[in-house]
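Taking the form predicted alone, here's one chain by itself in structure tokens.
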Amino acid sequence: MQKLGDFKLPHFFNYPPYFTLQPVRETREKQVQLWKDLILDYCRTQKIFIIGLEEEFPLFSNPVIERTLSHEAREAFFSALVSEGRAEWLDKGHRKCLILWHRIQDWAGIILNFVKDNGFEDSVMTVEEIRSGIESRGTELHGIDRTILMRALKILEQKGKLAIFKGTSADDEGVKFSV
């Protein structure tokens, strides 16, 4: 089985037709599903949040079989993720995509569990501490994309679970949990 670092690639990754958009509807649907699952799984395990469709990305080509996804195929796979709420286009030209291996509301739940599991109810933390502090090491929150984190925090704020307060810079924005 082929690997990308410590990530095991699925068997279809070595099957040349899967690097070309399939014309038969049923086959294409299966192809799109396999690629969506692969993209989400790879991004989750590698903590990748943003992918540029025109940039080098390990999943876009397989040198072993000398195949590369066309721009049209990349856009089809990412558009399918966007339509399911598992990704968002970051620009009108569909060149950059924000990957949501967890939906924003799921990230909000992960934050709540993190707060409860670590006894941070009624505590104050900076946004940066949540993203990269000692407390978040070894959790899914460590290294989270700031945009995703802020959107999840806003959901929790609307539910009355926390208050976000602005600092003098983005580095000292704070969160007061009231779980």
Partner chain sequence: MANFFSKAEVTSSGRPVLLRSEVECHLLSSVDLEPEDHHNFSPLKSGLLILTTHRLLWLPSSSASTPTSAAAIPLPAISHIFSSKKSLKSMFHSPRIRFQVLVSPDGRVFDPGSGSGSGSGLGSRSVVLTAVVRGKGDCDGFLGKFWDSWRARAWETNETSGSGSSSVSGSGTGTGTGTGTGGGLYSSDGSVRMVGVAGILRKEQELWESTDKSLQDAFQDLNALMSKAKEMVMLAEKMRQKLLSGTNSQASATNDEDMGSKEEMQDWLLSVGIISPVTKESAGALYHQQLSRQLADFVRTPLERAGGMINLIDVYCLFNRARGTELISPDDMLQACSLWEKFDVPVMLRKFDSGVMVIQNKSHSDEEVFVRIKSLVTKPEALRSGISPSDAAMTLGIAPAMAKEHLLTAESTGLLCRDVSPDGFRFYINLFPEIDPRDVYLVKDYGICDTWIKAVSTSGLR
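Positions refer to the first chain, counted from 1. Bear in mind the structure is a predicted one, so any value in this text is a computation, not a measurement.
We do not show the form predicted in complex with the partner chain, though everything after this point is about it.
message = Within 4.5 Å, heavy atoms only, one stretch in 46-54, 136-144, 109-117, 31-39 touches the partner chain in the predicted complex. Which?
response = It is 31-39 that comes within 4.5 Å of the partner.
query = Does the partner chain come within 4.5 Å of a heavy atom in each of W101, Q105 and I155 in the predicted complex?
reply = No: none of W101, Q105 and I155 comes within 4.5 Å of the partner chain in the predicted complex.
M150 within 4.5 Å of the partner chain in the predicted complex, heavy atoms:
Because no heavy atom of M150 falls inside 4.5 Å of the partner chain in the predicted complex, the answer is no.
Applying a 4.5 Å heavy atom distance criterion, does P23 contact the partner chain in the predicted complex?
So P23 counts as contacting the partner chain.
- Query: Can I65 be called a contact residue for the partner chain in the predicted complex at 4.5 Å between heavy atoms?
  - Reply: I65: yes, in contact with the partner chain in the predicted complex.
Is F12 near the partner chain? Define near as a heavy atom within 4.5 Å, in the predicted complex. Result yes; F12 sits at the interface with the partner chain in the predicted complex.
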